[in-house]
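Here's a solo chain for you in structure tokens, the form predicted on its own.
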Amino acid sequence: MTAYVRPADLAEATRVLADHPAWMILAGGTDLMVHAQHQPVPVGILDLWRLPGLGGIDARQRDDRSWLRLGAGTTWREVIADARVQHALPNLVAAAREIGALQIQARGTIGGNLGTSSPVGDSLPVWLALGAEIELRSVHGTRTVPYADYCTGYRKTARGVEELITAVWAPVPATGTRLHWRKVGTRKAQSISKVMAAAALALDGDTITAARIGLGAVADRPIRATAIEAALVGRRLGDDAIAAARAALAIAPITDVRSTAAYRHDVAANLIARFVAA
């Protein structure tokens, strides 16, 4: 028989996981339930749905910067509805609106998307573009990991077996930063991604002074388009930036059942070109 624990608080949750690191961690269940019939029966389930201490969105100051701390148990509908996120992180809101149907958005969580760490996870390129950090907690304490270092391979992460994802810290972009997100799939809604792109462009007038670009569904994990980022600095929005971005695109996308490498390469180039248009 599968053991089941629904802890009362985070302290109990970390104790249970420390004692049973092989147990399944269940959040909204929107991913785990889909694959349940194709996986071995878990020896135990740690149910974190609506666990006190895992939800909520808060404005915080840290290292002389403004951040939004988004609890791992926060659902995508809560992300979409939050005025602070709408104002500071519109690209995250845009991604959240594309995560399944309304029922999935009402149940799926930030932490679940990060825990599953699928290369087609809709929110993941956004965390790369924002320079977000993942908060992890165990009985030994709390640590943060830059999202750029968090995803280490296909559905593999830097989370230890005794650690829970407790929050994402997203730095609030400076005034005037242009934030983008776009997903391309086989249809306009409820589609698994073929290519995703997210960007944060810091501007001085119409000149790009810094850029962060995340791509999803083109590799075994979300990736940064670092060559394009470097090529865009000092370029003016419009034809100058578009030409530089296209020339600097240096990715080797995967080919799978959803799309070819050549298609993904061209779509990624077109999405980034839209981001840097005047």
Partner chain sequence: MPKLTLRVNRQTHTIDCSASTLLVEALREQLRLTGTHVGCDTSQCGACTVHVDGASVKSCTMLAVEAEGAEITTIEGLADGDKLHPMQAAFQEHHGLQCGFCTPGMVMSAVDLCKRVKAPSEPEVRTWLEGNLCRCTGYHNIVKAVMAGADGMNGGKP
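Numbering follows the first chain given and starts at 1. Please read all numbers here as calculations on a predicted model, not as lab measurements.
The following text describes the form predicted in complex with its partner chain, which does not appear among the structures shown.
Although the partner is absent from the chain shown here, R6, R187 and Q190 each have a heavy atom within 4.5 Å of its partner chain in the predicted complex. V41 is the sole member of A247, V41, A230, A252 with a non-hydrogen atom lying within 4.5 angstroms of its partner chain in the predicted complex.
In the predicted complex, its partner chain lies within 4.5 Å of some heavy atom of I104. Within this chain, D47 lines the site of its partner chain in the predicted complex, having a heavy atom no more than 4.5 Å away.
The shortest heavy atom separation between L26 and its partner chain in the predicted complex is within 4.5 Å.
Taking the partner from the other structure, its partner chain in the predicted complex has a heavy atom within 4.5 Å of a heavy atom of R77. The stretch that touches its partner chain in the predicted complex, counting heavy atoms within 4.5 Å, is 31-39, out of 31-39, 231-239, 205-213, 66-74.
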